[in-house]
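Just so you know, structure 1 and structure 2 below are the same protein chain in two forms, each on its own as C-alpha cells.
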Structure 1
C-alpha cells in the first residue's frame, strides 16, 4: 500500500517538470500562435476570427514566391550537403577507419563547436568585394577587378551547406560504420563494379542514416535566419526573415503567426515525407542524430 503510494508520488514528481515544460513552453505557445493566426484586427483592441492572414499569403505573390524559393533552396542545400559529406563519411568509416578514422572524425567536428555567427563572419571576410578570395583572384590574374562574391544565391547555398554539414556527417558515419565489409568484398569478388556496389549495397544500407541527416539538415536550413541574412543581404528573400519582419519590425503578430504556421507546416510535411520514403519511425530518426 505505502510502496504503491510512494511510486505514485515519485511518478507525479517526475511528470510535473516534463508536463510543465512541454505545456507552458511548447503546447500552449503554439495554441496561442494558432489563435493569433486565425484572427483579424477590426479596430483598436478588437479582433474577429478570420482566415484573412492566410488569404494574404496566397494572394500576395511576394510572400508566396519567397516561401517556394525558401523551400526549393533548402532542398538543393540538403542535396549538396549530402554530396559534399558522403565521401568524407566514407573515408572516416571505411577507407581510414580505426584510430585514423576517429581522429579525422573529431577534426571534422571541431569547427561546429564555434557558433554560426563566427563561421559566417569568416565567409564574409573571405567573399566580400574587398575580401580575401576576390583579391586572390585578381592577384592570380583570373579577374581584372575584385568581384563581389557575397549577396548571390550561390553564396547563400554555400553558407547553408557549410553551416549544417555536421548534422549530415554524424548519421552518415554511424550508418556506414555498421556496414559489414564482407558484403562489399563478396560483391567485388562476384565481379560487381564500384558503381554498382555503391548503388545496390552501400546506399541501401546507409539509407536510414541518409534520411535522418536529410531531415535534420532540411529542417535547420528552412529555419535558418543568420546565414541568408548575412551572406545574402537584401537579396536573400528567406521566409524566416518575413516572419521576423511581421513580428518584430511591423508588429503585425497575426500575419507573422500565420507565416510561422505555414513554415511549420512545410517543415512537418517534409519530415513526414522523408520518414515515409524510408519507412522509419520518428523516434528512431531523432535518436540517430
Structure 2
C-alpha cells in the first residue's frame, strides 16, 4: 500500500462523517423539497408534475410584496448590524489589548449563551406597552401615557440587529487584528485624515471580513422566523411566516416547498451580488468565517 493511497484513505475517513451529515441532513431534504415543489395535487394521493406552485407566487401580489419586503428589510438589517458592530470590533482589535479586549469580546458573547427565544422575549418585556421602557418614559415625563413600541418595522430591525451582531463581530475582529498598525501610523504621519484612513486602508483590508459577516447576517436574517413573528406580530409580513403557514397551517407542502426554494434562490443571488460588488472571492471570504 503506497503512502499516497494511505493519505487518500485517511482523508476519505476524515471527510466521511461530514459528507454523511451533509448528505443526510441537507442534500436529501433539499432534493425531497425540490420534488414537492414541482408537483401538484390533483386528487387524494394523486400528483402530477407542475410549476403551478411557482406560478402562484408570481401571480399573487401578496406573496411577491412580502418577498420583496423581506429582502429589503434584510439588507437594511445587515447594513445596520455592520454599522453597530464595526466600532466594537475596532475597539476589541485595536484600541484594547490583551485581557481588556478579551473581556469586551466575552461581554458581547455572553447574551448569545441564552437562546434566541429568551432574548427576543426580553425585548418584548422591555418594549411592550406595559413594559419597562414605556413606563420609564412616562415617569420621566417624556410621554403622557405608555407607548406601544412593539409591532413596528423599527422594532423588527432592532431585534434582527441584536440577534445577529455576534456573527458580524467575529469576522470583523479577525480581519482587523491582521491590519498592521504601522500602516495607520504612516498615513497619519503623511497628513491623512481619519476618514481617509478608514476609506483607503481599514475598509479595503477588512473587506473579506466585512463580506463574510454580511453574507452570514443576511442569510440568517432572511431565514429568521422567531424574531419577526414575536416583535412584529401580524404586521411583520415576513416571508418565512408564509412558508410556515403553507407547511403547518394549510398543510400545503408543495406550495411551502416552492416558497422555500424561492427564498434559497434569493439568498444565493444576493450573496453572488455582494461578492461581485465587493470584489471578493468566495474562498477568501469563507476563510474569514
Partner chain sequence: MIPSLPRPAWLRGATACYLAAFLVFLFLPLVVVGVFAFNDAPYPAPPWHGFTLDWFRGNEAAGRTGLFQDEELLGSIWTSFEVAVWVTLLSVAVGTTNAFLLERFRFRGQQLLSVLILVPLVIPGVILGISILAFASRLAGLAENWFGWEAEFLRPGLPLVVLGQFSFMATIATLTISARLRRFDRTLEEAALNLGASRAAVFRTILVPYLAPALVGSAAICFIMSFADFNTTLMLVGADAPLTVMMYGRMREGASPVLNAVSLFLMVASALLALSLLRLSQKRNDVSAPPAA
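Take the two forms, superpose them, and find the largest set of C-alpha atoms that agree within 1.5 Å; that set is the rigid core. Numbering follows the first chain given and starts at 1. This one's a predicted model, so the numbers in the text were calculated from it and none came from an experiment.
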Structure holding the form predicted alone is number 2
Practice problem: Please indicate if residue 68 and residue 18 belong to the same rigid part of the chain, considering the motion between the two structures. | Solution: no
Rounded to the whole degree, the smaller rigid unit turns between the two structures by 16
Superposed on the core, the Cα displacement of residue 22 between the two structures in Å comes to 2.8
Students should find the CA displacement of residue 8 between the two structures, rigid core aligned, in Å, to be 8.2
